[in-house]
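Here you get one chain, nothing else, as structure tokens; it is the form predicted on its own.
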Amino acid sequence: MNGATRRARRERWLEGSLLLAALASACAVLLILAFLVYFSLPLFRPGAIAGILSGRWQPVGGEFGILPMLAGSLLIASLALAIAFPLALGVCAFVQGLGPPALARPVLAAVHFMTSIPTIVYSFVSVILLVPALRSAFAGRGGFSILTASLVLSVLILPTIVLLVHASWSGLGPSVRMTCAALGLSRTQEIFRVLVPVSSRSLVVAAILALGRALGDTMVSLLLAGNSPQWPSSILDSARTLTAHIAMVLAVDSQSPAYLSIFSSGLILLLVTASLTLAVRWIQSAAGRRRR
């Protein structure tokens, strides 16, 4: 057997393995969806879905609405993205040439290292350091709150944005750099007037993926958001997210509204995440069609 035949066989094995992994992942997602839909079927009884999709969670009073938790999830994730996104662009600009070249590699290494830190470590350190600091800054408020959870989540999703945007800018770098040098643009002008507009789709994709990461986190919101199932009126208020709700709610009766709220929360999260993924795929396919 010659070398070319062996390489072809290895490539076929690799392609088959990747195809098998993709099919297994797709089947797992479909099974999870089927599981959530099956256990959410009692919601479609008359009046049941209206009770779950209401605005109050008071189990003692017979009210099991999960909309406050949905609002808490969206607010915390959106605020975390609003904090992390400009910081991530700043890090990318620093690495791409605005900072000393000798520091570019260490900064990227630090960002890669951040992806390996468990979420519980971020949460535990924040309980010890960040919560007392915010309480002191806001006169007793803001300890376990939306602001605290959002600040920690912004650190959690920062590497996702940095690595995606940096990869996009690195791919555009050589051709853009030559063009900008010919036009006499400074490095700052090159990054913010050329790279940012040209890579706008990549920026949107990075933001969508980071938002999905923030929506799906459990530990940060469970430990730092305060777990108050109420409509938030300020970022200093406590809130409960859908993921924290799933982790916290205990119910023995499989037909109780509290039990059903767990699966309805999971189904909503899965549908939101799937929508974000489809948005990313649509943006990428649209970009590919335009390049052709």
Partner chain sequence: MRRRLADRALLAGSWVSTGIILAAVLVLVGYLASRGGGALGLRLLFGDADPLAAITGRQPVFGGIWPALAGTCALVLVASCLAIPVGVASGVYLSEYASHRLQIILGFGVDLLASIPSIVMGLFGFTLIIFLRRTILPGANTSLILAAGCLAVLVLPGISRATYNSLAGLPDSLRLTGAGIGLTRWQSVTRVLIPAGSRGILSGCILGIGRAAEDTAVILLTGVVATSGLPRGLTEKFEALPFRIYVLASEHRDRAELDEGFGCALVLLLLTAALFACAFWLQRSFERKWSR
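Numbering follows the first chain given and starts at 1. Rigid core: the largest C-alpha set superposing within 1.5 Å between the two forms. All of these numbers come straight from a predicted model, not from anything done at the bench.
As for the form predicted in complex with its partner chain, it is not shown, yet the points below apply to it.
Peer 1: Taking the shortest heavy atom distance, is Arg7 within 4.5 Å of its partner chain in the predicted complex?
Peer 2: Output for Arg7 is yes: heavy atoms within 4.5 Å of its partner chain.
Peer 1: Mark Val198 yes when one of its heavy atoms lies within 4.5 Å of a heavy atom of its partner chain in the predicted complex, and no otherwise.
Peer 2: No.
Peer 1: So, Ile262 and its partner chain: in the predicted complex, are they within 4.5 Å at any heavy atom pair?
Peer 2: It does: once its partner chain is placed as it appears in the predicted complex, Ile262 has a heavy atom within 4.5 Å of it.
Peer 1: Taking heavy atoms and a 4.5 Å cut-off, does Val125 contact its partner chain in the predicted complex?
Peer 2: It does: once its partner chain is placed as it appears in the predicted complex, Val125 has a heavy atom within 4.5 Å of it.
Peer 1: Identify which of Leu75, Val194, Leu222, Leu164 has a heavy atom within 4.5 Å of its partner chain in the predicted complex; exactly one of them does.
Peer 2: Of the candidates Leu75, Val194, Leu222, Leu164, Leu222 is the one lying within 4.5 Å of its partner chain in the predicted complex.
Peer 1: Please identify the residue among Ala71, Val176, Met114, Leu79 with any heavy atom within 4.5 Å of its partner chain in the predicted complex.
Peer 2: Checked against the cut-off, the match is Met114.
Peer 1: What residues in 92-120 sit within 4.5 Å of its partner chain in the predicted complex, counting heavy atoms only?
Peer 2: Going through 92-120 in order - heavy atoms within 4.5 Å of its partner chain in the predicted complex - the hits are Ala93, Phe94, Leu98, Gly99, Pro100, Arg105, Val107, Ala110, His112, Phe113, Met114, Thr115, Ser116, Ile117, Pro118, Thr119, Ile120.
Peer 1: Would the C-alpha of Leu14 be classed as shifted by 2 Å or more between the shown form and the other one after rigid-core alignment?
Peer 2: It does shift by 2 Å or more.
Peer 1: Once you line up the core, how about Leu23: does its CA shift reach 2 Å between the shown form and the other one?
Peer 2: For Leu23, whose C-alpha is compared between the shown form and the other one after core superposition, the shift is 2 Å or more.
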